[in-house]
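Two forms of the same protein chain are encoded below as structure tokens; each is given separately, as structure 1 and structure 2.
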Structure 1
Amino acid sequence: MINKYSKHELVAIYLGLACLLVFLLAPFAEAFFVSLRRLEDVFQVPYSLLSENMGVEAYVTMWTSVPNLLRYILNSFFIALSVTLLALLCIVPAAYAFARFEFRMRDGFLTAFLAINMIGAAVLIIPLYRLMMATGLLNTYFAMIIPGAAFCVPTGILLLRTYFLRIPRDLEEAAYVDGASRVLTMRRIILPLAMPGIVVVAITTFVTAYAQQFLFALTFNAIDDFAPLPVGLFKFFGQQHVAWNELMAASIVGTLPVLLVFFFLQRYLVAGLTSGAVKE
């Protein structure tokens, strides 16, 4: 294998990637060290990353400060997983249709999907509230799952369409010549080859749905049993003070399900990239 980069270029690349990694992980490291502090030491002056009397007390007391914290985490996981499955049911066939079929206004629809990504959820929150009220979905999981999936579908279609375009049409045409139907070709040939893209879209959708539940939950749900993690984190904000160390501890614990899902799917992502590689 021919090395295309000089030593200086490799050093610059690795140094740049290391700086970017430190920049991205700095907020998480700060949150972790705050979670280990006592509340009276969170805003100590002068500021230092480490402090005396650091411990895991916040990780113990947060469960009693917000008793339903575990329920909120499970709700967030369930809502994000439901959003991902519902979104994929719409994204996969739509992305395949945009990649393979010629029809009028195809580019116009793609432009419309791109434009929808520019619209924030806050702009549509009142019409969505009226829609949820008219359909009787207020104060249910569906009130958070359906809008969450709807906002993830345009981005997923645009991402997955590029993966379908990379799959040679000759493979499908050869299957049709052998007598395979479009459904069988889709299931046996297209979907396995597009699996890396589907996994990427699934991870992106899950992380987005897990992190952006606060607005929909606060607007469409008034039942505490259905509330997701962001609503639970908001309860650490008291009238007189904010338990910052417990809030950071709960945030870190609440992030663990996302990390577990990412690392679990990453194995399939790497396997899919290897087995699904094709040449034009």
Structure 2
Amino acid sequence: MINKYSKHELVAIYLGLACLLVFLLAPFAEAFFVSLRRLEDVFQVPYSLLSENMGVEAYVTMWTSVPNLLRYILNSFFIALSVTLLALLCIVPAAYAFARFEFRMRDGFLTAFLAINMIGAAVLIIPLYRLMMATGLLNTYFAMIIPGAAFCVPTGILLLRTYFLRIPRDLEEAAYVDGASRVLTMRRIILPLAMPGIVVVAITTFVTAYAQQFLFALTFNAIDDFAPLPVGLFKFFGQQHVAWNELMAASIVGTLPVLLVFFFLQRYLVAGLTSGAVKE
């Protein structure tokens, strides 16, 4: 068989995978074991992953030493969810338009969205800051949600468009022939058919929105109550003594929501990404 590996090859592959996974996962192991240390064992010399008397102390004490922790985590979740919903509202109709209709300037619009993908959010931070100030959105959730969504839209459109392209046109045609309106066709036929693709885009948007809530929140929001987890925890570094065990514990707990989303839905995600990316 073509896929049969020799013993040497198998050893080489597993060795390579082990090196790769050590590089990619060592930080997780480190964070996990530091979070299990007691405060007096955090700064230990010589270095060792383990230490004596490990326990879940930090997971208990962090809630009192970071009074707003739960709030940060909920903020992160709320912001990511809002970004996803707002982005989907823009992505789904636009992706459908690009996939199904011929219209003037279509390629122009598509190229424009592609180009936006290349502009880093930080490049536009000055006028965005002034815009948020002028509209009174500074220090509100909106200042984090609206720009967050805008920078997720182009990728979403490109991804979902390839998905729409793979859905056969016959069903829509049949509906039109039967006299259904465009909106009705979209609601009753297109959206249900496209649901797996929409779910994939929703997950990627959510993960991205959860992963990237640092810059906008750091710049546009000075109110601690509204801070998402990364910014809430960033303030730790200003303090004299960082309680690293609590910081790591809080990072782990705060990452759990997005990890859970990922683990339950990764099958669709990986399948969708791989099939979507192939098309281009």
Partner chain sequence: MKSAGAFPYLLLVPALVLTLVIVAYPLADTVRLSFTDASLRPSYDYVGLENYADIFGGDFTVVMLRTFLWVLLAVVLKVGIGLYAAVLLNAAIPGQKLARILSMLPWIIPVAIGAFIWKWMYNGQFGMISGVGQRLGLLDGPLEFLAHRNSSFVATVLTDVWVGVPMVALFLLAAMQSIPKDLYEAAWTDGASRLYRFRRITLPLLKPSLATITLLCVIWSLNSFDIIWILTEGGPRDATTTMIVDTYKTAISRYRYGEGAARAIAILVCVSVVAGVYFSLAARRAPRESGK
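All of these numbers come straight from a predicted model, not from anything done at the bench. Structure 1's sequence is the ruler for residue numbers, which start at 1. Take the two forms, superpose them, and find the largest set of C-alpha atoms that agree within 1.5 Å; that set is the rigid core.
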query: Form predicted in complex with its partner chain, given as structure number; finding: 2
query: CA of Val42, rigid core aligned, shift of 2 Å or more between structures 1 and 2; finding: yes
query: Core-aligned C-alpha movement of Ala26 between structures 1 and 2, 2 Å or more; finding: yes
query: Ile13: CA movement between structures 1 and 2 [superposed on rigid core, Å]; finding: 9.0
